[in-house]
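Below, in structure tokens: the form predicted on its own, a single chain.
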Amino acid sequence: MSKYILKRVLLIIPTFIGISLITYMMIRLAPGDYTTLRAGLQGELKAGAIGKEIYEQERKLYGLDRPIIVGYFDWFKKLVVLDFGVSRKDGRPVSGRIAEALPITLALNIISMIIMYIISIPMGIVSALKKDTAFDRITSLALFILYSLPSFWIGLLLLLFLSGGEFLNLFPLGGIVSDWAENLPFFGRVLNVAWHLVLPVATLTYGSFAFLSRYTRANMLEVINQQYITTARAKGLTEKRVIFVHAFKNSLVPLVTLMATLLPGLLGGSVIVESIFSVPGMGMLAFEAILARDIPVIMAITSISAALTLMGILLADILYSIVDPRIRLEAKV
């Protein structure tokens, strides 16, 4: 096991370098120049209203006058010491901007995933045990209808019907905390944040029920038809023990594959949901950075996502051997 983990960690390093290099090249080669976008000088440059010297000073200040490969290695040397640089949009440290957005995205996604797994996995198990019954058909239809509804439309409907206007006024229109929440005690502020997260979490969660529930159902159907399940029932084991000890445990192996996307999914954020509900999370931060050609912020977010994806794949491989001891990560000598 230790040799396998060491090999995979050593393989992660060149993979990460390749991902970050391609990302940096795409940003530098993308249409539009950051210096002119930031200073709003594109029209003035064309009209000759400012000198070329000022333009070149701006490019030199942000390292855009250097070749792409040189600029990448300058960025990578800072990354090694966990220096993400300074945001070109507002001059603040990138780590500070990420530190502000990250807790919000974590809270949003962790709550969403907990709700998704608590509802979807039991529903998938019950649907597998009641295959082709009325319950299975009705839940399948309802879940696929939810899956087909676009999240931006659902988010706007929730705002329309539940956040004032001509209908109910149960939840705030947006943001993460009320302006007057500073005067509340600690638990009052927590409840205020939870109140703001209800609609974003609902919008983020509903579409995932169908995928995870049907995935669990398919895995359970494959397992409960195996011969060892029939043997367990023939031995007189209770149905609960057969399902949860023998069948469900073995159906977890394909579900572990989802672990590879769990870690980056927690930090990636959702641009659509965060935009609709004005949530200042990682998704909005990445979107604004792309529009502003804010290279340090873009590289920091993509690098963190790439590292977490690679670590998630490694974690999933290790969990395979834990869930199913028959799976060996290293060949016998």
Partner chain sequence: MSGRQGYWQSVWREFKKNRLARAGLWVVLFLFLIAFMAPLIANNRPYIYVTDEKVFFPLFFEYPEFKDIDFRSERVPGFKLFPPVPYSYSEYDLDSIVSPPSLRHLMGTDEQGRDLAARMIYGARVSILVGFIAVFMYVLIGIIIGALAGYYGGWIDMLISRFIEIVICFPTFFLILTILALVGPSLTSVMVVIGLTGWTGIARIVRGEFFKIREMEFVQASRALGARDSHIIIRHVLPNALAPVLVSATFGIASTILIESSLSFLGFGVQPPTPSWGDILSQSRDFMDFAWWLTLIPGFAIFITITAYNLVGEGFQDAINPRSFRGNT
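Only the largest set of C-alpha atoms that superpose within 1.5 Å between the two forms is called the rigid core. Model, not experiment: these values are computed from the prediction. Residue numbers count along the first chain shown, from 1.
Same protein, other form: the form predicted in complex with the partner chain, not shown, and the subject of what follows.
K.L.:
Out of Ile138, Ile145, Ile118, Ile110, which one falls within 4.5 Å of the partner chain in the predicted bound form, going by heavy atoms?
P.N.:
Going through each option in turn, the one that passes is Ile145.
K.L.:
Which residue, Leu221, Val198, Leu191, Val126, has a heavy atom that falls within 4.5 Å of the partner chain in the predicted bound form?
P.N.:
Among Leu221, Val198, Leu191, Val126, a heavy atom within 4.5 Å of the partner chain in the predicted bound form occurs only for Leu221.
K.L.:
Only one of these stretches, 87-95, 154-162, 170-178, 110-118, has heavy atoms within 4.5 Å of the partner chain in the predicted bound form; which one is it?
P.N.:
After filtering at 4.5 Å, what remains is 154-162.
K.L.:
Any chance Arg214 has a heavy atom within 4.5 Å of the partner chain in the predicted bound form?
P.N.:
Although the partner chain is absent here, Arg214 would touch it in the predicted bound form, with heavy atoms inside 4.5 Å.
K.L.:
Test of understanding: in the predicted bound form, would Ile69 fall inside 4.5 Å of the partner chain by heavy atoms?
P.N.:
Taking the distances in the predicted bound form, the answer for Ile69 is no, it never comes within 4.5 Å of the partner chain.
K.L.:
Using the partner position in the predicted bound form, report whether Ala134 sits within 4.5 Å of the partner chain, counting heavy atoms only.
P.N.:
Ala134: no, not in contact with the partner chain in the predicted bound form.
K.L.:
When the contact criterion is heavy atoms within 4.5 Å, does Val279 count as touching the partner chain in the predicted bound form?
P.N.:
Taking the distances in the predicted bound form, the answer for Val279 is no, it never comes within 4.5 Å of the partner chain.
K.L.:
In sequence order, which positions of 289-314 have a non-hydrogen atom within 4.5 Å of the partner chain in the predicted bound form?
P.N.:
Result: Ile290, Leu291, Arg293, Ile295, Ile298, Ile301, Thr302, Ser305, Ala306, Thr309, Leu310, Ile313.
K.L.:
Using the rigid core as the reference frame, would you say Thr309 shifts its C-alpha by 2 Å or more between the shown form and the other one?
P.N.:
Thr309: C-alpha displaced by 2 Å or more between the shown form and the other one.
K.L.:
Kindly check if the Cα atom of Met299 is displaced 2 angstroms or more between the shown form and the other one relative to the superposed rigid core.
P.N.:
Met299: C-alpha displaced by 2 Å or more between the shown form and the other one.
K.L.:
Using the rigid core as the reference frame, would you say Ala289 shifts its C-alpha by 2 Å or more between the shown form and the other one?
P.N.:
It does, since the Ala289 C-alpha is displaced 2 Å or more between the shown form and the other one after the core fit.
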